[in-house]
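Coming up is one lone chain in C-alpha cells, specifically the form predicted on its own.
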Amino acid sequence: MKPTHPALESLLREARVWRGPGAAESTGRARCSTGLQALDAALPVPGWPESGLVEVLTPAAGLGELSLILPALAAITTAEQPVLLVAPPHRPCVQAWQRAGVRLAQLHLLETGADSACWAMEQALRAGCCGAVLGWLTAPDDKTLRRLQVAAEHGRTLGFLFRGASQARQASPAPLRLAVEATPAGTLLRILKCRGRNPPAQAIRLRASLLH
C-alpha cells in the first residue's frame, strides 16, 4: 500500500475517515478471538479489533452480553493486561468469571456516578494502560461517543460500551456495534455496524455455554 499524506494519517488515527474493505483487511489486526467462530468469520479481522470502541446493545441486563466478551477478557488478563470496569450496574460474579479463565488480579472495578463515568472511561481508554475498558454509561450523546472512540484509538485500547437496545437508532462513531436479542428460538447476536465489511443479514446464535 502506498504511504498516505501525514494529514490523512492523522484523520485515520482519529477515526474521522476509514479505509475501504480491502485496506481494512490487509492492515487490521485482531486483539483476540471472540470465542464464536461465526462472529469471527463475519468481522473484517477474525476476532475483536485491536483497539477502538465496541458497542453492545441489549434490551435488558443478563442476556449474555457479558459472557459474550469473557473469552476476550480471559485472554487479555492472562497476558497480564489489566481490565477496568467503569460503573457496572452489578458486581461481577467472581466464580463465573474465574471459570471463564479471567484472572481476577487483573480486574479493576470503578464505581462512580453518571456524571463521572464518561470522563473516567475516556481517560482510561486514552491512557493506554489497560488491555480493555468496559463501561456502562447513561445516554451518552454524540459528542461523548466521539470522544470515547478517539480516546480508544489514541490509547490503542479495546473499549466495550454497554447500552440499551433503544440506542440502536442513535448514530454512533463506534466501528463495531452488536445487539443481543432474546427470542423464542434462543438468544441471538446481530451485527448492526461493522467498519470495513457489510454486516451479515443473518443473526448469530449464541451458544448456551456462553450464557451461563
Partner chain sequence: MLWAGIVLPHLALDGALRHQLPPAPLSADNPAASLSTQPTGGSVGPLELIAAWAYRYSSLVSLEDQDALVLEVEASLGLFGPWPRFRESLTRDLRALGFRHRIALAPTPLAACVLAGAGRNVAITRDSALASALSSVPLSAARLPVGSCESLAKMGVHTLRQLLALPRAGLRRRFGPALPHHLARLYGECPDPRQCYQPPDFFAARLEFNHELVHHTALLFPLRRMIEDLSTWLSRREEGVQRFELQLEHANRPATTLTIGLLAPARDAAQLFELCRVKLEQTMLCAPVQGLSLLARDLPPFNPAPGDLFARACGDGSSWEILRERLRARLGEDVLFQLQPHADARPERSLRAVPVLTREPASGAMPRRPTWLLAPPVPWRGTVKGILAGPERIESGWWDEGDIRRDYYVIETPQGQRAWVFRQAGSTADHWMLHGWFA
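Since we're looking at a predicted model, the values are computed, not measured. Numbering follows the first chain given and starts at 1.
Although it is not shown, the form predicted together with its partner chain is what the next lines describe.
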Residue 45 versus its partner chain, in the predicted bound form: is there a non-hydrogen atom within 4.5 Å?
no
Is residue 138 near its partner chain? Define near as a heavy atom within 4.5 Å, in the predicted bound form.
no
Residue-level contact is defined here as any heavy atom of the residue lying within 4.5 Å of its partner chain in the predicted bound form; does residue 156 satisfy this criterion?
yes
How about residue 171: is it within 4.5 Å of its partner chain in the predicted bound form, going by heavy atoms?
no
From the candidate stretches 163-171, 36-44, 142-150, 178-186, select the single one in contact with its partner chain in the predicted bound form, where contact means a heavy atom within 4.5 Å.
178-186
Any chance 114, 191 and 194 all have a heavy atom within 4.5 Å of its partner chain in the predicted bound form?
no
So which bits of 124-153 sit within 4.5 Å of its partner chain in the predicted bound form, heavy atoms only?
124, 126, 127, 128, 129, 130, 136
